[in-house]
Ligand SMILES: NC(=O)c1ccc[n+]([C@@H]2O[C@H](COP(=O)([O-])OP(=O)(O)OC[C@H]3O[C@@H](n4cnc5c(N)ncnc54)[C@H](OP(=O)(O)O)[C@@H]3O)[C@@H](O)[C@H]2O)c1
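One chain follows as C-alpha coordinates, the form predicted on its own.
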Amino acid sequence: MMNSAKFDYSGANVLVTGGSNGIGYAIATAFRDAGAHVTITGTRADGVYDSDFTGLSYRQLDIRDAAAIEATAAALPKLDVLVNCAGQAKFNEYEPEAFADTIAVNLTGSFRMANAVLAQLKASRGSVINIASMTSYYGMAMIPGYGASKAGVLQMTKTLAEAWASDGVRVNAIAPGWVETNMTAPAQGNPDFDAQIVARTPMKRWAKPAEMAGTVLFLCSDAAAFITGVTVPVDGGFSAVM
(Lines give C-alpha, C1' and ligand atoms only; values in the text may rest on other atoms or scores of the structure.)
Protein backbone atom coordinates (compact mmCIF):
# COMPACT_ATOMS: atom_id res chain seq x y z
CA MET A 1 0.00 0.00 0.00
CA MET A 2 1.30 3.46 -0.91
CA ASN A 3 1.16 6.24 1.68
CA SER A 4 1.92 9.85 0.79
CA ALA A 5 3.46 11.87 3.63
CA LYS A 6 2.09 15.41 3.81
CA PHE A 7 4.00 18.41 5.10
CA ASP A 8 2.69 21.92 5.69
CA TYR A 9 5.22 24.66 4.96
CA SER A 10 2.67 27.46 4.62
CA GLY A 11 4.36 30.79 5.20
CA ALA A 12 7.88 29.34 5.14
CA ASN A 13 10.63 30.91 3.03
CA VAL A 14 12.93 28.47 1.23
CA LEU A 15 16.01 28.98 -0.92
CA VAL A 16 17.15 26.16 -3.20
CA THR A 17 20.41 26.85 -5.00
CA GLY A 18 20.63 24.91 -8.24
CA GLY A 19 16.85 24.61 -8.16
CA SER A 20 16.42 25.14 -11.88
CA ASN A 21 16.57 21.44 -12.77
CA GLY A 22 17.19 17.91 -11.52
CA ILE A 23 17.17 17.16 -7.81
CA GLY A 24 17.09 20.84 -6.87
CA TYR A 25 13.99 21.45 -8.97
CA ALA A 26 12.24 18.43 -7.47
CA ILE A 27 12.97 19.67 -3.95
CA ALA A 28 11.91 23.22 -4.79
CA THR A 29 8.58 22.16 -6.26
CA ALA A 30 7.90 19.86 -3.30
CA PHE A 31 8.35 22.79 -0.91
CA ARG A 32 6.18 24.95 -3.18
CA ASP A 33 3.44 22.33 -3.23
CA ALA A 34 3.62 22.20 0.58
CA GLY A 35 2.84 25.92 0.76
CA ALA A 36 6.28 27.54 0.99
CA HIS A 37 7.51 30.61 -0.84
CA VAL A 38 10.46 29.19 -2.76
CA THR A 39 13.35 31.01 -4.41
CA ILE A 40 15.53 29.00 -6.77
CA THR A 41 18.83 29.88 -8.39
CA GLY A 42 20.38 28.94 -11.70
CA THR A 43 23.26 30.14 -13.81
CA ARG A 44 21.31 31.50 -16.79
CA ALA A 45 20.78 35.24 -16.96
CA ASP A 46 17.50 34.83 -18.88
CA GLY A 47 16.14 32.23 -16.47
CA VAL A 48 14.92 30.13 -19.39
CA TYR A 49 14.99 26.39 -18.71
CA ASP A 50 12.88 23.43 -19.75
CA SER A 51 11.37 23.32 -16.26
CA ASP A 52 8.09 25.03 -15.32
CA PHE A 53 8.85 27.72 -12.73
CA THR A 54 5.23 28.51 -11.90
CA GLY A 55 5.04 29.50 -8.22
CA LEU A 56 8.83 29.77 -7.90
CA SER A 57 11.00 32.90 -7.76
CA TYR A 58 14.14 32.74 -9.89
CA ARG A 59 17.50 34.44 -9.31
CA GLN A 60 20.64 34.11 -11.36
CA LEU A 61 23.58 33.00 -9.22
CA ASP A 62 27.09 31.79 -9.92
CA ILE A 63 27.80 29.98 -6.66
CA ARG A 64 31.53 30.67 -7.14
CA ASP A 65 30.89 34.43 -6.91
CA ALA A 66 31.13 35.57 -3.28
CA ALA A 67 29.59 38.98 -4.01
CA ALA A 68 26.65 37.37 -5.83
CA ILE A 69 26.07 35.07 -2.87
CA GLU A 70 25.95 38.06 -0.52
CA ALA A 71 23.52 39.83 -2.85
CA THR A 72 21.25 36.79 -2.94
CA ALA A 73 21.28 36.58 0.86
CA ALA A 74 20.51 40.30 1.18
CA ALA A 75 17.48 39.88 -1.11
CA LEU A 76 16.00 37.32 1.30
CA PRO A 77 15.48 39.06 4.66
CA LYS A 78 13.51 36.08 5.96
CA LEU A 79 14.56 32.48 5.45
CA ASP A 80 13.53 29.22 7.08
CA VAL A 81 15.32 26.67 4.88
CA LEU A 82 18.43 26.70 2.74
CA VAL A 83 18.96 23.77 0.38
CA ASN A 84 22.49 23.81 -1.05
CA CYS A 85 21.92 21.95 -4.32
CA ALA A 86 24.04 23.88 -6.83
CA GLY A 87 26.66 21.46 -8.09
CA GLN A 88 28.71 20.16 -10.96
CA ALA A 89 30.89 17.27 -12.05
CA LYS A 90 33.50 17.56 -14.78
CA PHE A 91 35.17 14.78 -16.69
CA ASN A 92 38.60 16.42 -16.73
CA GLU A 93 39.02 16.78 -12.98
CA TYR A 94 42.56 15.39 -13.03
CA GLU A 95 43.46 18.83 -14.34
CA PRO A 96 44.11 20.89 -11.18
CA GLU A 97 42.06 23.85 -12.42
CA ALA A 98 39.02 21.66 -13.10
CA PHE A 99 39.44 19.91 -9.74
CA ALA A 100 39.57 23.28 -7.96
CA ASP A 101 36.53 24.57 -9.85
CA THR A 102 34.41 21.61 -8.78
CA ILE A 103 35.49 22.12 -5.16
CA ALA A 104 34.60 25.80 -5.49
CA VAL A 105 31.08 25.02 -6.68
CA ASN A 106 30.12 21.97 -4.63
CA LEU A 107 31.87 22.64 -1.33
CA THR A 108 33.08 26.22 -0.96
CA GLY A 109 29.95 27.63 -2.59
CA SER A 110 27.73 25.71 -0.18
CA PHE A 111 29.79 26.91 2.77
CA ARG A 112 29.64 30.54 1.62
CA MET A 113 25.89 30.36 1.00
CA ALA A 114 25.16 28.89 4.41
CA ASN A 115 27.25 31.55 6.12
CA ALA A 116 25.63 34.33 4.09
CA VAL A 117 22.12 33.45 5.32
CA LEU A 118 23.06 32.42 8.85
CA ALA A 119 21.51 35.52 10.44
CA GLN A 120 18.16 34.77 8.80
CA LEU A 121 18.34 31.11 9.81
CA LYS A 122 19.14 32.04 13.41
CA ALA A 123 16.11 34.34 13.47
CA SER A 124 13.82 31.59 12.21
CA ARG A 125 15.61 28.72 13.97
CA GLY A 126 15.76 27.19 10.53
CA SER A 127 17.49 24.39 8.67
CA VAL A 128 20.25 23.85 6.15
CA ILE A 129 20.17 20.85 3.84
CA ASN A 130 23.33 19.97 1.94
CA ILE A 131 23.52 17.53 -0.95
CA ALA A 132 26.15 14.84 -0.48
CA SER A 133 26.54 11.78 -2.73
CA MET A 134 27.50 8.14 -2.87
CA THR A 135 30.92 9.56 -3.74
CA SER A 136 30.99 10.94 -0.18
CA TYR A 137 31.63 7.31 0.79
CA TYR A 138 33.05 5.54 -2.28
CA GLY A 139 35.82 6.40 -4.71
CA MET A 140 34.95 7.01 -8.34
CA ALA A 141 38.07 7.34 -10.44
CA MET A 142 36.60 9.43 -13.26
CA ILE A 143 35.57 12.39 -11.04
CA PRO A 144 38.12 12.96 -8.26
CA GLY A 145 37.10 16.56 -7.66
CA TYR A 146 33.44 15.69 -7.34
CA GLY A 147 34.16 12.90 -4.86
CA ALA A 148 36.47 15.10 -2.80
CA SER A 149 33.89 17.88 -2.73
CA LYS A 150 31.06 15.57 -1.69
CA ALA A 151 33.16 13.94 1.04
CA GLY A 152 33.79 17.48 2.25
CA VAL A 153 30.06 18.23 2.21
CA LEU A 154 29.45 15.28 4.54
CA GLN A 155 32.06 16.50 7.01
CA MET A 156 31.00 20.14 6.69
CA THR A 157 27.45 19.09 7.56
CA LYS A 158 28.66 17.61 10.84
CA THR A 159 30.80 20.60 11.69
CA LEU A 160 28.19 23.26 10.98
CA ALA A 161 25.59 21.23 12.86
CA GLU A 162 27.77 21.35 15.95
CA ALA A 163 28.69 25.00 15.49
CA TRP A 164 25.16 26.27 14.97
CA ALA A 165 23.10 24.02 17.23
CA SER A 166 23.14 26.53 20.07
CA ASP A 167 21.56 29.07 17.70
CA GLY A 168 18.71 26.69 16.90
CA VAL A 169 19.91 26.03 13.35
CA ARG A 170 19.91 22.40 12.26
CA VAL A 171 22.23 21.22 9.46
CA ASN A 172 21.67 17.91 7.71
CA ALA A 173 22.30 16.38 4.30
CA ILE A 174 21.03 13.74 1.94
CA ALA A 175 23.27 11.46 -0.09
CA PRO A 176 21.40 10.59 -3.28
CA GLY A 177 22.11 7.34 -4.99
CA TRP A 178 22.01 7.17 -8.77
CA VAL A 179 19.30 9.57 -9.94
CA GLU A 180 17.98 10.24 -13.44
CA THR A 181 19.17 13.80 -14.08
CA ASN A 182 20.89 15.75 -16.84
CA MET A 183 24.19 15.35 -14.98
CA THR A 184 23.94 11.56 -15.00
CA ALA A 185 22.58 11.28 -18.54
CA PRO A 186 25.93 10.14 -20.01
CA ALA A 187 26.12 7.36 -17.42
CA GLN A 188 22.54 6.32 -18.08
CA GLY A 189 23.34 6.15 -21.76
CA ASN A 190 26.28 3.80 -21.25
CA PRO A 191 24.78 0.28 -21.25
CA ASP A 192 27.64 -1.31 -19.32
CA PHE A 193 27.70 1.37 -16.63
CA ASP A 194 23.90 1.38 -16.37
CA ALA A 195 23.92 -2.38 -15.88
CA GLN A 196 26.51 -2.09 -13.09
CA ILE A 197 24.46 0.52 -11.23
CA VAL A 198 21.22 -1.43 -11.51
CA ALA A 199 22.93 -4.65 -10.43
CA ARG A 200 24.50 -2.97 -7.37
CA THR A 201 21.25 -1.24 -6.29
CA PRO A 202 18.94 -3.60 -4.36
CA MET A 203 15.87 -1.81 -5.74
CA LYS A 204 17.20 -2.54 -9.27
CA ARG A 205 16.60 0.86 -10.82
CA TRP A 206 17.70 4.47 -10.89
CA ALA A 207 15.83 6.99 -8.73
CA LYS A 208 13.60 9.78 -9.96
CA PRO A 209 14.54 13.28 -8.73
CA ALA A 210 11.21 13.59 -6.91
CA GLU A 211 12.20 10.65 -4.71
CA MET A 212 14.84 12.83 -3.06
CA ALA A 213 12.39 15.49 -1.92
CA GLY A 214 10.45 13.69 0.81
CA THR A 215 13.52 13.11 2.97
CA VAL A 216 14.46 16.78 2.66
CA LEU A 217 11.00 17.98 3.71
CA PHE A 218 11.08 15.58 6.65
CA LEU A 219 14.52 16.74 7.80
CA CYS A 220 13.36 20.38 7.80
CA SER A 221 10.12 19.64 9.64
CA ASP A 222 9.25 19.58 13.33
CA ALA A 223 9.16 15.79 13.04
CA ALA A 224 12.96 15.93 12.78
CA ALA A 225 13.45 18.54 15.52
CA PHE A 226 16.15 16.48 17.30
CA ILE A 227 18.05 15.50 14.16
CA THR A 228 21.15 17.44 13.17
CA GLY A 229 24.53 16.63 11.70
CA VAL A 230 23.39 13.55 9.79
CA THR A 231 23.67 12.58 6.14
CA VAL A 232 20.83 10.32 5.04
CA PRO A 233 21.46 8.03 2.05
CA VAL A 234 18.49 8.06 -0.33
CA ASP A 235 19.90 5.41 -2.59
CA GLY A 236 17.64 2.40 -3.04
CA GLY A 237 19.99 0.38 -0.82
CA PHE A 238 23.16 1.08 -2.82
CA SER A 239 25.22 1.89 0.28
CA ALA A 240 23.97 -1.21 2.10
CA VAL A 241 25.66 -3.58 -0.35
CA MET A 242 29.27 -4.66 0.06
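In this text, residue numbers run from 1 along the sequence as written. Values in this document were obtained by computation on a predicted structure and should not be read as measured data.
The form predicted together with the named molecule is left out here; the points below concern that form.
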| property | result |
| --- | --- |
| Which of 156 to 164, 126 to 134, 72 to 80, 92 to 100 lines the interface with the named molecule in the model of the complex (heavy atom within 4.5 Å) | 126 to 134 |
| Close approach of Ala213 to the named molecule in the model of the complex, 4.5 Å, heavy atom | no |
| Residue contact check: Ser51 to the named molecule in the model of the complex, 4.5 Å heavy atom | no |
| Non-hydrogen atom contact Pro233 with the named molecule in the model of the complex at 4.5 angstroms | no |
| 4.5 angstroms heavy atom contact with the named molecule in the model of the complex for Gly87 | yes |
| Residues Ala66, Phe111 and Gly145 all lining the named molecule in the model of the complex, heavy atom within 4.5 Å | no |
| Position in contact with the named molecule when the complex is considered in the model of the complex, options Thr39, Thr181, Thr201, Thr29, heavy atoms within 4.5 Å | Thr181 |
| Any residue of 43 to 82 that, in the model of the complex, places a heavy atom within 4.5 Å of the named molecule | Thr43, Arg44, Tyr49, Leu61, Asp62, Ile63, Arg64 |
